[in-house]
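One chain comes next, on its own, written out as C-alpha cells in the form predicted alone.
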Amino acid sequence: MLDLKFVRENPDVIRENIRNRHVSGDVDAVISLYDQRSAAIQAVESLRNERNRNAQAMKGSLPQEERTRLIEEGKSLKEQIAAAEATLTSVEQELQRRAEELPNLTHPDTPSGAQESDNRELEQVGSVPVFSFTPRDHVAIAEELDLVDFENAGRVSGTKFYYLRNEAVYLELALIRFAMDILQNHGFTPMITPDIARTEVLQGIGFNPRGPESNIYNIEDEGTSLVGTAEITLGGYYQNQTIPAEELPIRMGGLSHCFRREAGSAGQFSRGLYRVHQFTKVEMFVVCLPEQSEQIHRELLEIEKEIFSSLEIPFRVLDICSGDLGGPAFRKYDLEAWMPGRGTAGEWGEITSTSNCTDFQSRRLNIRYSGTGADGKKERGYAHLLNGTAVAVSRAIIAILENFQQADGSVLIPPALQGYTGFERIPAKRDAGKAKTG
C-alpha cells in the first residue's frame, strides 16, 4: 500500500502512475476518505477529551444535582464515542479497500507500455542450440523417457497436475539442492516454508485470495489459502515486527510447493509442465533498508543469471514494462529461457522473475526498521521487501529436457548438476511404451 499522506499531497503523480500501468484506481475517493478519516479521528479524540474532563469533574464532593447532570452527560458521551468510533472504523475499512486498489509507484527507468513487446530486452546469455534433428518439446521427451505422467495425474488430481517419475525425480531434487547451495553461498538463510498462509498475509503481500479473478486456492472456513509462492510465507515471517537497522539486510531462501489455479490459461505454450496447478520453487526474499533495495535488486538478478548460466541454459533478461508489472512491484526483471520445443522453431519462455516492491508490502504487513542515523538521531520507517525466483523447478526441467536433448532420444544432464543427480545422462528408454502404473 502506498503512503497515504504522499497520495494526498501528490494526486497527479498517482493518477499518471495508474495510467502508465493501465490499471484502475480512484485517487479522489482515497483522498476524500483520507480526509474523512482525519476528521473522524479528531471527532473521537475530542469526545474522549470531554469524557476525561467529565470523569475529572466527578471526583470530589459535588451537589447531588451536579453529580446527576455529570452522570447523564457521561452516558451521552459514551454513546457519542461509540458512534464516532463506529464511523471511524467504517471509514478506515473503506479507505483501506480503496487504497489497496492503487498500485505501487514505478521506477523511472521502467519501460512504458502494456504489451509483452513493450518489455525491454537487456541482454542474451548463452547460445541457442543448433540441432541436427528436429527438436521435440518437453512433453514428447518426458513421455518417451517415462519421466512425467500427466494421464494418471489427471485421473487422480485433475488437469494440470503431474507425477514425476524415474530420473525426473532426482532432477527435481538436484535443482533444489543446486539452487539452495548457491543461495547459501550468497548469504541466504535456507528455509522450508509452510504451504498455507492466513488471508491477511496473502493480502499484505498483494495477492487477492477471493473472487473469480484470484489465482489462489482457498481452504474453506479456515481463513487460509494454499500459497502460490514462498514469497507469501517469507514476507509473513516478519509481519508486525520492528527489526534493528543493523540486522538488515535479511536474506532468506525458501523452498515450498506452489499452488496456482491458472484459471483461463490455455494454448500450446501452456501445455505440459509450463503452467501447472502445483510445482516446487526455491524463492529468494530480502528485507532491507530503503537505501539498499535498488542495489539488492540487481544482486538478485545476478544470482538468477548465475544459476542459469551455470546450468548452461540460454536465456535473455527483460526489463518488464509498466503495464505488465504486478501491483506491488516498483521494478521487475524476468529471465526467459530458450525452449526449442515451443512453436515451430523455438520460443523464449519465462523461468524466473525478481521484483523490488519497496515499502508497498511492508506497509500492509507492518514490517518496520529502527536505528540511529549518522547524525545520532533515531530513525524508524518501513522496510523494503524484494523477491526473486531462484528456480521454478518445473520450468527448469522444461529448459533442460529441450536444450539438452540428443539425436538418439537421450537427454544430457548439465555438468553443474551431475554431482547432484549422480548421473550424466537420461538414457533413451527401451521400454518407453510400457504402461505407467507401477
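Keep in mind it's a predicted model, so treat the numbers as computed, not measured. Just count from 1 along the sequence shown to find any residue number.
The same protein also exists as the form predicted together with the RNA; that form is not shown, yet it is the one meant from here on.
Shown here without its partner, the chain carries Arg155, Arg165 and Phe188, none of which come within 4.5 Å of the RNA in the predicted bound form through any heavy atom. Stretch 75-83 is the contacting one of 325-333, 250-258, 280-288, 75-83, since its residues have non-hydrogen atoms within 4.5 Å of the RNA in the predicted bound form. For the candidate set Val125, Ala140, Ile71, Leu173, a heavy atom within 4.5 Å of the RNA in the predicted bound form is found for exactly one residue, namely Ile71. None of Ala55, Ala407, Ala29, Leu412 but one reaches within 4.5 angstroms of the RNA in the predicted bound form through a heavy atom, and that residue is Ala55. For the chain shown alone, Arg98 is not a contact residue for the RNA in the predicted bound form, no non-hydrogen atom being within 4.5 angstroms.
Using a 4.5 angstroms threshold between heavy atoms, Glu66 stays clear of the RNA in the predicted bound form.
For Arg316, no non-hydrogen atom is located within 4.5 Å of the RNA in the predicted bound form, even though that partner is not displayed.
In the predicted bound form, no heavy atom of Arg271 sits within 4.5 Å of the RNA. Within 4.5 angstroms of the RNA in the predicted bound form, the stretch 25-51 places a non-hydrogen atom from each of Tyr34, Arg37, Ser38, Ile41, Gln42, Glu45, Arg48, Asn49, Arg51, taken in sequence order.
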